[in-house]
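Heads up, the chain below is alone and in the form predicted alone; it's given as structure tokens.
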């Protein structure tokens, strides 16, 4: 962006401004802006500052003073216009010019070889040039520049729409407020990138939190993502976020031929030359997949030496013309793939095991280890799932253990290291009584999980209430897990019916509960009374009864109480209800305490009747059964299921001979393989399903 001559001129101009401010005129103000932009670039993009922070601050204050005297001379891209003067009140939803798709993943060299084969076949070439760059571990963003000015910044969102965070993006000093895209014949451009915190800034921020006795942020990625939605732009600025821009997704040119935009590497260089922190210095163009694999492995070996976190490498076809030819699926481009690094591992000491009680009474052992950083996250607690896992891994209190984060996300204990034992280790004793209510634990034959079967167990009560008010159940907004636990501790929520008897007069006196929040919560609770029957069935937390089975059950009865009158045989005759599910439903409704709960909810005004179903009895999909598997890209799973029900179709929760259609999204698993073995099942892609629905 700056050659030796311009660097020398701007450095000299900055020194002159520090000595004495000139008379105010348009030329001098613009010159001072250029000096500040130059030093921002040196500091935030190159990480090679040429002046002290105090000197930069003096220049900045001088410009601010000049612009205050002559507000008519302020420009939109002035360095003083980054920080907003007011809080963000909302983050409106905006549409991306081009959908932000996910990347296909690979975890070893064989995956890359197989992907390369598909690329070469699609390209009709024996070898392809690839551009390889780091896969930054941050929060995805999309930026739009029009007539050289930054006009919008947005989060990834669902890939089609994201949150407008323009004000917060302007606080990131490595994002230019203006860039001379017009020099390349570009009038409008959308570029993609990643916002992140460097390891240095992440540590510094957590150190400040520790000084205030506040809990540290979990990892740089979450810290960056959360920072983008902070309402106070000044606080965003203090976070010292950085942005790497690595892809041009869309551009409108002025009819000027531009060879820069013929290759991906060319676009990275253009962004770098315009002052963006692109991976220009880290990227490498390589012909053939063997060299790509070698470069990925070399980069992985040195990942700890980088100033920021990465979790892999991204391999892209370098030719943009070839990228267009290869195209994309509904989920990911065919011309790019992420090579994920091996999971992070570390050793630690197992100090204790705590036993937690879940909503269904399941007892889950949780290992407490000496906190250890793994891939940017400090891990101190790890689920051990059940008693069998403890035995299989031969774990003892005091053991040295090997810990890993699967996919760089979920921590688990790989194994114990018995060779390091000194004889002081103690066996892990699994309880025979519930840790909360002291009732005897019970384990179903053939299951690995011990359970507390006391329905009044305090731990289960809290978890059941959390489930009851959740989004997929009664959907009581403003009633999050933290509020449930707080109200339970205060005695306001001893059971599920008490959700509808909250003492708002007492809550109103509590800190953090203003009149507006109480009004919203009260309205949401009242609205939930009219939720359809299937939501209430799911909210009751009957074991093995998920959302789909709840809908099936709701279609069989006029009133919730009717389920209590069905025998095991009658339950098993219901579509998609097997022996295990039928037994669980029968046990639930045979329990007098549960029947009393249902009566109480009806007395409180909840809807227990089936009512008018959205399903069309004579719809074009009448009696046809559907199941969805994998990730849908154009529809939400709930939307697709609603379409089926609206046409009279039924939803199943598993693959069986009763299934007519399996709709397959990306990353479909065992359900697809099982369905292939049953000839009468029709397997549809998402596009085929949408077309089918549209033709009904």
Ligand code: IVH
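Predicted model, so just to flag it, every value in this text is computed and none were measured. Residue numbers count along the first chain shown, from 1.
One more form of this protein, predicted together with this ligand, exists but is not displayed; see below.
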Which of 347-355, 570-578, 512-520, 313-321 lies within 4.5 Å of this ligand in the predicted complex, heavy atoms considered? The stretch 313-321
Please tell me which of 365, 497, 162, 134 lies within 4.5 Å of this ligand in the predicted complex, judged by heavy atoms.
134
Could you check which residue among 206, 625, 454, 140 gets a heavy atom within 4.5 Å of this ligand in the predicted complex?
140
Using a 4.5 Å heavy atom cut-off, state whether residue 194 contacts this ligand in the predicted complex.
yes
Taking heavy atoms and a 4.5 Å cut-off, does residue 103 contact this ligand in the predicted complex?
yes
Verify the contact flag for residue 246: yes if a non-hydrogen atom of it lies within 4.5 Å of a non-hydrogen atom of this ligand in the predicted complex, no if not.
yes
Close approach of residue 333 to this ligand in the predicted complex, 4.5 Å, heavy atom:
yes
Within 4.5 Å of this ligand in the predicted complex: residues from 628-657 (heavy atom criterion):
none
